[in-house]
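Encoded as structure tokens, the following chain is the form predicted on its own, with no partner shown.
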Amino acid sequence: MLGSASLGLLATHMLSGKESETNFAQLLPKLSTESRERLLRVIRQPGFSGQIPATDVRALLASGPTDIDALMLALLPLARTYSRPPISKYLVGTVAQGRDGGLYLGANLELAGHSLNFSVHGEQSAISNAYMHGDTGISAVAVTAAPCGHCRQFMNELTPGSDIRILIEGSPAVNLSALLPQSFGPKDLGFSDGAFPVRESNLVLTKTQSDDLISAALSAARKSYAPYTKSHSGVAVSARDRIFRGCYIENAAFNPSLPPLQTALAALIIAGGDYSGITKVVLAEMEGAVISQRDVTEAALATIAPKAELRVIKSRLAA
């Protein structure tokens, strides 16, 4: 069994050579040697962001395990190494299967000192990973424990009318509809569509200004899903020479909505980063919106990156 220090090193991709191979063999015993070697190559690639592309998924299936459900369950120990739960100490790993054939890793995140609604659940992490990669939908979600009600509600928002298979080790696969009977979703508020496929709003800045971080934040805001408040917003985080984007992803039940900063933080952690590397953050939101993400963004950054510079820019829908 790997210790927590070894798990942390794996999650940040700092191991190399035979030590890495040995740790991977211990962490992922259900994968073949060939599959583990391919997976190591994937996560060592510059810019790795928790996505296992469809071509690599097919190659992993060719070398074992050959069943997609078994592969997703076998990858859960790796996903769990990204978990950051300073409050609960409860590690959750998640793997989402995109309709385009890729797999997306996710893990739970908690922000020390903040209320629990600042947390990102493991299912939200993996699903937002797929969302930010522009996948067309979610077919299945594997998780290390049964999804809580919060996550069942969050998943119910994704593709109304299409069931998602839920995979848990030691239990038969079950459809989300069986876990959430008589559900409340977009249709109850007069909407027929869900978060997937990702649709882009025609937002423009209210003032002429541009740099890479501003452009990334505006791009994220354009892709945000906010049918109920129409308050599109997005975040761009600069950390260790990389930019991580986060969209706001709304929910018909409101509380499971995922703020844009949390989406970006999930992307940062799943890419092997850490909060200490955050230097600048840009929040893009709509002028005159009925809700604002500014206060919660400031509150979260005050704890995890108190020296980070936050800039808020305003946008509007183009005429």
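In case it trips you up, residue 1 is the first one in the sequence shown, and so on. Treat the numbers as computed from the prediction; the structure is a model and nothing was measured.
Below, we refer to the form predicted together with ligand THU, which is not included among the displayed structures.
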>> I'd like to check something about Glu123: if you look in the predicted bound form, is any of its heavy atoms closer than or equal to 4.5 Å to a heavy atom of ligand THU?
In response: yes
> So in the predicted bound form, does Ala146 come within 4.5 Å of ligand THU, heavy atom to heavy atom?
Replying inline: yes
>> Test of understanding: in the predicted bound form, would Phe184 fall inside 4.5 Å of ligand THU by heavy atoms?
In response: no
>> Taking ligand THU as it sits in the predicted bound form, is Ser233 near enough to touch it, meaning that at least one heavy atom pair lies within 4.5 angstroms?
In response: no
> Out of Ser88, Asn175, Ser201, Thr229, which one falls within 4.5 Å of ligand THU in the predicted bound form, going by heavy atoms?
Replying inline: Ser88
> Among Ala130, Ala220, Cys151, Val141, which has at least one heavy atom within 4.5 Å of ligand THU in the predicted bound form?
Replying inline: Cys151
> With the partner removed from view, which of 165 to 173, 108 to 116, 203 to 211, 242 to 250 is the stretch that lies within 4.5 Å of ligand THU in the predicted bound form, judged by heavy atom distances?
Replying inline: 108 to 116
